[in-house]
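Starting off, we have a lone chain in the form predicted alone, written out as structure tokens.
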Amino acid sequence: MTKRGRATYHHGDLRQALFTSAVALLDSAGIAGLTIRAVAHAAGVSHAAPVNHFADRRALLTALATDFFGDIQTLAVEKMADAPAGEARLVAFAEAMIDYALAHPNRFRLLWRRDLLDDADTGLNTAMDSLYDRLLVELQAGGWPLRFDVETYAIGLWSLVHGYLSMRLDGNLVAAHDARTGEPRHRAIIAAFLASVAPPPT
């Protein structure tokens, strides 16, 4: 520690310390409470110190969002590894997003704040595209006779999951089960959507 009581860092450590403090602050105070000054204070450094690693708040939020997209993809890959090909893998993909959002609501909300993120950032776009491309691959691997373009189904499923999560996180829906199948509601609505991709045999 310095005489002023602030932590000292080796080269490169400060960026990680700021990043860790930012995640903790986002989880506890939400997007509105995450400022460069607040992150610097939480990390125990001067308010000017972060500029060497994050030029401004947008750069910091973009770095966080990039990392969060990667976290979702890692979770999706883990869940799909235990699922057989086809519908089960798509359900696993969707449930990875749902599990992540419910566990980390403020992180999930940040991902869609285009007004706060740098749309031109290569890392962010790569992370987003990688997750979306994973969904396209799974849809194409199902071997279904798709009536519409594969991206129509991908956007449809993504929108369904995102809309469900928005209502859950905003308190407009609560966890429930489908009355007919007994499955969790989110899994039932995913299955209902996928039935339009691969209708059950009659």
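When you see a residue number, it is the position in the sequence shown, counting from 1. Computed from a prediction, not measured in an experiment: that's the story for all the values here.
What comes next is about the form predicted together with a further copy of the same chain, which does not appear here.
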query: In the predicted bound form, segment of 152 to 160, 35 to 43, 135 to 143, 59 to 67 with a heavy atom within 4.5 Å of a further copy of the same chain; finding: 152 to 160
query: Partner proximity in the predicted bound form: D170 to a further copy of the same chain, non-hydrogen atom cutoff 4.5 Å; finding: yes
query: Any non-hydrogen atom of R15 within 4.5 angstroms of a further copy of the same chain in the predicted bound form; finding: no
query: A192 within 4.5 Å of a further copy of the same chain in the predicted bound form, heavy atoms; finding: yes
query: Interface membership of T181, a further copy of the same chain in the predicted bound form, 4.5 Å heavy atom rule; finding: yes
